[in-house]
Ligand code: PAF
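First, one chain by itself in structure tokens, the form predicted alone.
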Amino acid sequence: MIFEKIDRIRDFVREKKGQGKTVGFVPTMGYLHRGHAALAERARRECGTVVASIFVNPLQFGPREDYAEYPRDFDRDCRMLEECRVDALFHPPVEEMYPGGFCTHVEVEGLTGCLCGKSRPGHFRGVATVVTKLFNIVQPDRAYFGQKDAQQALVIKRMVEDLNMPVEIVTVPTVREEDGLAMSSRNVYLTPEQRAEAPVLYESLKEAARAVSGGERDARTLAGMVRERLSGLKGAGIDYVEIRSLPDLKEVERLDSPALLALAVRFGKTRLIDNIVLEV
């Protein structure tokens, strides 16, 4: 079932909850891949009713980013969600989510000033705002996010805790191509040459993880290893390579507890991110 209006999806969820069913929610921007399917499948296993959303959120795109060009294939997305046995899809137009005069935003401080937040000012304000609205509309018991967007998941968890939202945030492991590249809707932008080089992102992360297993604890050394490996990429630019504490994303000098090693690399206009948790 596909709903475009807020009151209609609310009625659907209210009916299911009245039947005693838990509601799992998978918010997406569409152009779905196996990573999104993993979120929906996890929700299907854990919840009585599964709702997904497809909404390309203009608030989280910067003025020079790819909102207009962001890939879209609604019919294919619907087929994938049907295969995952999603019960309902919320697919609102922009004017339904942001009617004329809209002027309220949600901002999570602290966690959003580093990593992607530093590179994309205002991005996480847009994410927090739309997710707050979606949670208010759908009223899920659980919501599912991918580990590939680790900072986003941490921001949402902090927001939910701070604002006392009655929803459990479930983080699902990153789904990867056979060669290790993290699945992303933006992978379609890569040229064949860029696609051939892109698996180095995950290889560099694994190399750092092996160094930690071997006893290395200096964060600067570990990040330097990743940067050195990435510097060999042709036509690619490093946005950031950083190690941050979990879950507060503070700077780390020396590892004494699990930490997030995250990176962002631009292949031409295509910006890819990936991360790994360094266990100590």
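Counting begins at 1, following the sequence as shown. Nothing here was measured: the structure is a model prediction, and the numbers come from that model.
Here the subject shifts to the form predicted together with ligand PAF, a form of this protein not shown in this document.
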| query | finding |
| --- | --- |
| Listed residue that, although ligand PAF is not shown, lies within 4.5 Å of it in the model of the complex (heavy atoms), from A143, A150, L115, V127 | V127 |
| Partner-proximal stretch of 44 to 52, 250 to 258, 229 to 237, 57 to 65 relative to ligand PAF in the model of the complex, 4.5 angstroms, heavy atom | 57 to 65 |
| Contact label in the model of the complex: V155 to ligand PAF, heavy atom within 4.5 Å | no |
| Any non-hydrogen atom of G35 within 4.5 angstroms of ligand PAF in the model of the complex | no |
| Contact label in the model of the complex: M29 to ligand PAF, heavy atom within 4.5 Å | yes |
| Members of 3 to 20 lying within 4.5 angstroms of ligand PAF, judged by heavy atom, in the model of the complex | none |
